[in-house]
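A single chain comes next, written as structure tokens; it is the form predicted alone.
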């Protein structure tokens, strides 16, 4: 039985990915900050699911991940679905720093722990959910878009490091657009909104095929294509916000 750990499994894409992997016969170690949601998933398949409360911002999070892997009896796939973000046009520093703490510091802490485990094991697969927001700096969500660019680049760097060290580690970077999760339940209307279950299905398909980078939905692939063509002198004039 293949074994996967999902950090950030208590809601959204992580939760839906867990449901699909369970249906596909995977044994799971799931982690997040809300014990009741973890218990809800475990109740669906008690023999297949192991749970642990983990906050990626906590200094002890990597040790907790190691303990979860031990309880699971190993790990073939690590999925990082933990992240936060919101619009912050007034540039509230507490909001910006919270995003950096979770999406950068927490991301590095957990991805590094997974990389180290797979390097010792001799191989494995790391999948992270980033965002198309990492394509360009978004004035309405500066820390969020910058942190997602960081994640994209960090995965690029670790893929190269894996080759340098002779490790057999695969990487998948899932880049959705707007997804109907609690993040977007703020009263605003978001275009081209996708369901978390749809994105989770694309994630699982990408993992099975070991795809490197996936921009979910053709409309967002087209949007990203044109975003990349806009020169910075014009980009700064665009009101990319809701």
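Because the structure is a prediction, the values reported are computed rather than measured. Residue numbers count along the first chain shown, from 1.
One more form of this protein exists, namely the form predicted together with a small molecule; it is left out here, but the text below deals with it.
Trainee: Sort through 33, 63, 42, 211 and report the residue having a heavy atom within 4.5 Å of the small molecule in the model of the complex.
Mentor: In short, 33.
Trainee: Is the gap between residue 69 and the small molecule in the model of the complex 4.5 Å or less for some heavy atom pair?
Mentor: Answer no; every heavy atom of residue 69 is more than 4.5 Å from the small molecule in the model of the complex.
Trainee: Heavy atom to heavy atom, is residue 179 within 4.5 Å of the small molecule in the model of the complex?
Mentor: Heavy-atom contact with the small molecule at 4.5 Å: present for residue 179.
Trainee: Looking at the partner-bound form in the model of the complex, is residue 55 within 4.5 Å of the small molecule by any heavy atom?
Mentor: Yes, contact at 4.5 Å.
Trainee: Residue-level contact is defined here as any heavy atom of the residue lying within 4.5 Å of the small molecule in the model of the complex; does residue 18 satisfy this criterion?
Mentor: So residue 18 does not count as contacting the small molecule.
Trainee: Can you tell me which of 77-85, 160-168, 135-143, 116-124 lies within 4.5 Å of the small molecule in the model of the complex, counting heavy atoms only?
Mentor: So the stretch in question is 77-85.
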